[in-house]
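This document opens with one chain alone, in structure tokens, the form predicted alone.
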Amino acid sequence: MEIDPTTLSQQNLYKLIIGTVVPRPIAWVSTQDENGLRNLAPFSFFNALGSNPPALMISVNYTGARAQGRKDTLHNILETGEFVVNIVTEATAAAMNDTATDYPAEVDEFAAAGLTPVPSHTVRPPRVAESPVHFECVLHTSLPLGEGQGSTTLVVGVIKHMHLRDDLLDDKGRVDIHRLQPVGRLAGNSYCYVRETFDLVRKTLK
């Protein structure tokens, strides 16, 4: 099957992309607005960008239900320049899903999902205590892509501080995936576990 993206509706194109670019890691992003009101929401258009400087990216899709199409997360990041990425695990998946609800801007998702906010070290938004990994970030750049339904804003953040639960690291200082127990995003209402892994040794040329 050959597909020209320009021949598909935005909705059908979206379904193909999220059904094939899988599994996607989930950024559970905590922010706060200029008045200190907290917000917490998950984003699966998310990944690491590099380590010098250490940087992450999230992509925040347009929503017609908000002013200028901006979700509360994007509004807060652009206004304050700060956010925290919390990693979603098997133990926090249900709470993460609760925070995906399209609450009004004045609702504190920490309270709505029964989660514990704890102070960050370098930024104002709090961390999710129930998450084992947090990345405190400051905004590096934002890039709008497209307009209207289906468009997005790419947000690049530089990591200023990291928190990892002590038991996540093995004796070589590497994260043990079986202790972390992350979940990944698929299409529709589907998610996946990371319970089976395999190794491939990269060839070296002599």
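Throughout, we count residues from 1 along the sequence that is shown. Computed from a predicted model, the values in this text were never measured in an experiment.
Here the subject shifts to the form predicted together with a small molecule, a form of this protein not shown in this document.
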Per-stretch contact check against the small molecule in the predicted bound form, the hit in 115-123, 130-138, 94-102, 79-87 (non-hydrogen atom, 4.5 angstroms): 94-102
In the predicted bound form, Asn39 touching the small molecule (heavy atom, 4.5 Å): yes
Contact test in the predicted bound form: Gln181 vs the small molecule, heavy atoms, 4.5 Å: no
4.5 angstroms heavy atom contact with the small molecule in the predicted bound form for Arg66: yes
Any non-hydrogen atom of Val155 within 4.5 angstroms of the small molecule in the predicted bound form: no
